[in-house]
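We begin with a single chain expressed as structure tokens, specifically the form predicted on its own.
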Amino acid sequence: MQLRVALRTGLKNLVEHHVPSADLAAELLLMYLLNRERAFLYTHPDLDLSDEEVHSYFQLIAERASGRPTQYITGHQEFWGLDFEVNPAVLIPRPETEHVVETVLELISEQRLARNGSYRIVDVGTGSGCIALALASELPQASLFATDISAAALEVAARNAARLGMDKRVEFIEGDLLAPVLNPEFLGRFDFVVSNPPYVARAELEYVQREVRDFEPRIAWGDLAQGEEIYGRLFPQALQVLKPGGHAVVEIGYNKKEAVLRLLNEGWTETQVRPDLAGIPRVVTARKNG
């Protein structure tokens, strides 16, 4: 079977199963199978695939048609220009979460501070390690810590750090939210607390994409009574570990702005909401008094 025919057939199958971004998935799976870049697919449309390649490709298509995310099939997802290993132990990094990284860098710039400063940053609920490692790539002198309640997620994050040559830059610690750093060594010592916590409420489950609901770890994205519970626990802990003038930077759900802002009362100042490229409230920042 020619490459173009296999690609067309795979795409038709995904469309019939209502797979989002079916054309992209069909291409990515064929690129993964052949270990080729996208340009190869369009410069070699007449390439004859072997029977084994055709069989393997349609097996991958069937996996994706079942709802399994492309990233879990290929084991990879790009974030901040870096290649991350992903598997069902971790949430798949989203482009919107890059706004958390951007916001930290913007806050440093707005304060007219140098990127090579010796900042201390903790990423709460690190998952694949994408936020912590993206910040490590941009802030060469920063000390980074990353917590997660899931030991399996931390194993993935540690492998990503090693693959990216940053295993000496980030310390991964198992524990719930900021509990691992609520001790005298760290209290009042951090410049930034960053997080993309779970925020999907139980009543919103029916609106969650099948790929997320059935395949990504619920502990990482939600199934909470209200959706803002984690912030209510995180912000008081953040006040304990941040320096006076330090910042909390958190991602929020599209409908969580007011609920999250209500939780930032005593102890906080300069609260801001930053939208994503679609204009949806995406990142909330707050500065600890002092």
Ligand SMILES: C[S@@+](CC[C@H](N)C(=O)[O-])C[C@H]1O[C@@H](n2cnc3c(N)ncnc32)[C@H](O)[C@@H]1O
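Note that residue numbering begins at 1 and tracks the sequence as displayed. Quick caveat: nothing in here was measured; it's all calculated off a predicted structure.
Although not depicted, the form predicted in complex with the ligand is the subject of the following passage.
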Residues Gly127, Ile149 and Leu177 all lining the ligand in the model of the complex, heavy atom within 4.5 Å: yes
statement: Which of 67 to 75, 202 to 210, 118 to 126, 137 to 145 lies within 4.5 Å of the ligand in the model of the complex, heavy atoms considered? The stretch 118 to 126
message: Just to be sure I understand the contacts: of Leu105, Leu187, Ile219, Ala162, which is the one whose heavy atoms reach within 4.5 angstroms of the ligand in the model of the complex?
response: Ile219
field: Arg262, Arg36, His44, Arg233 - the one with a heavy atom within 4.5 Å of the ligand in the model of the complex
entry: Arg233
message: Against the ligand in the model of the complex, would Leu133 count as a contact residue? Criterion: heavy atoms within 4.5 Å.
response: no
- prompt: Leu91: heavy atom within 4.5 Å of the ligand in the model of the complex?
  reply: yes
